[in-house]
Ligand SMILES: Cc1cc2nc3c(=O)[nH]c(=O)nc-3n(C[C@H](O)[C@H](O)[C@H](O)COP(=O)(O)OP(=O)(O)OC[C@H]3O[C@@H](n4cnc5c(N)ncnc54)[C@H](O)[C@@H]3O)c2cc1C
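This document opens with one chain alone, in structure tokens, the form predicted alone.
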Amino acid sequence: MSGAYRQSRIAIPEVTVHQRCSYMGEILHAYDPEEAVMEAQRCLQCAMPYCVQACPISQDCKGYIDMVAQGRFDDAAKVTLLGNPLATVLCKSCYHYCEEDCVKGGKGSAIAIRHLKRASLQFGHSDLLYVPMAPRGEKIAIVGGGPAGIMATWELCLRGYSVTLFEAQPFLGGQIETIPKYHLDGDELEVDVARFKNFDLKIVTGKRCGIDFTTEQLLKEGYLAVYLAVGASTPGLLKIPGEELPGVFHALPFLLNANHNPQGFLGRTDRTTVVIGGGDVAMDAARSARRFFSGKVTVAYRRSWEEMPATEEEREGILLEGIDFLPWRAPVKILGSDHVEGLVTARTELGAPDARGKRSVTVVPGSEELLPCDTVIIAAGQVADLNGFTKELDLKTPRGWPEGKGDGWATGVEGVFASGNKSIVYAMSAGTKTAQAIDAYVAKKLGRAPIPRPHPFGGKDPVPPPPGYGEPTWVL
């Protein structure tokens, strides 16, 4: 039977359910080359590739799948890296929006697009170096070494700008560094950033904007533009009694410590943990707690399983790993004196719809009940840390991360831009669009035309962004 007629995907190798909760490494393993070719041959190579259209960075998955289907792994790797400088990270951690829109998913299972990206890099020649245009001597400062900042760095360095990338942490990555080891257990980010070797790029870590330097200082030092890509790194607070008790963790710092200081959790066995929240960060926290602590783990969420915003992959993960899910519960207070002794929750129900038509959640009076536990992990969203940022920037934070209110996310200070987004690949999209806006701003200021993204590997012509229709969208 022709591969295109096969409806079921080639099974992705993975650690067994019985092993995974005691296994700290990556639970999904790579296809072998033969499996990758067979899976890629299922692709219909649609004239209108919805997978490409679904990708926030217009990753040309149609192109690299075609190369894998032919066994041309070197070409597949190059196609993958043409528009995605964080491909090694994303081939294991992306939420694969492309697969949600895959035509094959209508009557069977979607093509394993993310896993074929991994195959292209693993079996193809992927240790390539990006080739920038000749140095322009025009300085740009990027504040924030997460996905948005790294993507903007790539876009601007390719165009020949001299970029300084500032990061408050001792390491790059931002939200990438909170991804659990069961997704990313190696040096994926370092592999990706190593391709930047030829860029006119300076990386400064351990320096926080607003404390160690200001945007005003950067502009005075000759930077033509400043991009604030600081994301939403500060945990949202529940503002309930007991939130300050030992044994209460906030999800992002918990996940960051689990990656960079895991010994701090080891030995804390027989802990009973409740995770508050229903997003992917909550699922990551629950699944990480399941690995570090030997006791029971429960996720409590104020809505139903169906309304939980976590992706299907993460939901399936908590079920397979024996994590309990408690819907229709809102936290009221955390009990204890010198440590957590329990979480009081109240039952919730749907109330009247809001202005967008989404029904609100209300607490049922007199429905409080105690969940015995000694560990609480709060995953109540994140907000931006704007300490030290001036009011003149006039930033908005409607979804947590700071954004400029002007065109191209320009802030209230000329030459300063700010943006971000909700996931790695969406943040990368924001980084690309802001880099384009910065290039247009600098070009206008210097009296020249904006620079289209040049060929990332030094080809004569720029690589056009995938249009999503018909003709090939990749250039080798």
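One rule holds for the numbers: they count along the sequence shown, beginning at 1. If you're wondering where the values come from, they're calculated on a predicted model, not measured in any experiment.
Here the subject shifts to the form predicted together with the ligand, a form of this protein not shown in this document.
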{"item": "Proximity to the ligand in the predicted complex, single hit among Lys405, Lys207, His339, Lys220 (heavy atom within 4.5 Å)", "value": "Lys207"}
{"item": "The ligand: the contacting residue among Tyr95, Phe73, Phe292, Tyr130 in the predicted complex [heavy atom, 4.5 Å]", "value": "Tyr95"}
{"item": "Stretch in contact, per heavy atom within 4.5 angstroms of the ligand in the predicted complex, of 25-33, 419-427, 447-455, 433-441", "value": "419-427"}
{"item": "Any non-hydrogen atom of Ala148 within 4.5 angstroms of the ligand in the predicted complex", "value": "yes"}
{"item": "Contact of Ala168 with the ligand in the predicted complex (heavy atom, 4.5 Å)", "value": "yes"}
{"item": "4.5 angstroms heavy atom contact with the ligand in the predicted complex for Thr345", "value": "no"}
{"item": "Proximity of Pro85 to the ligand in the predicted complex, heavy atoms at 4.5 Å", "value": "no"}
{"item": "Members of 149-184 lying within 4.5 angstroms of the ligand, judged by heavy atom, in the predicted complex", "value": "Gly149, Phe166, Glu167, Ala168, Gln169, Gly173, Gly174, Gln175, Ile176, Thr178, Ile179"}
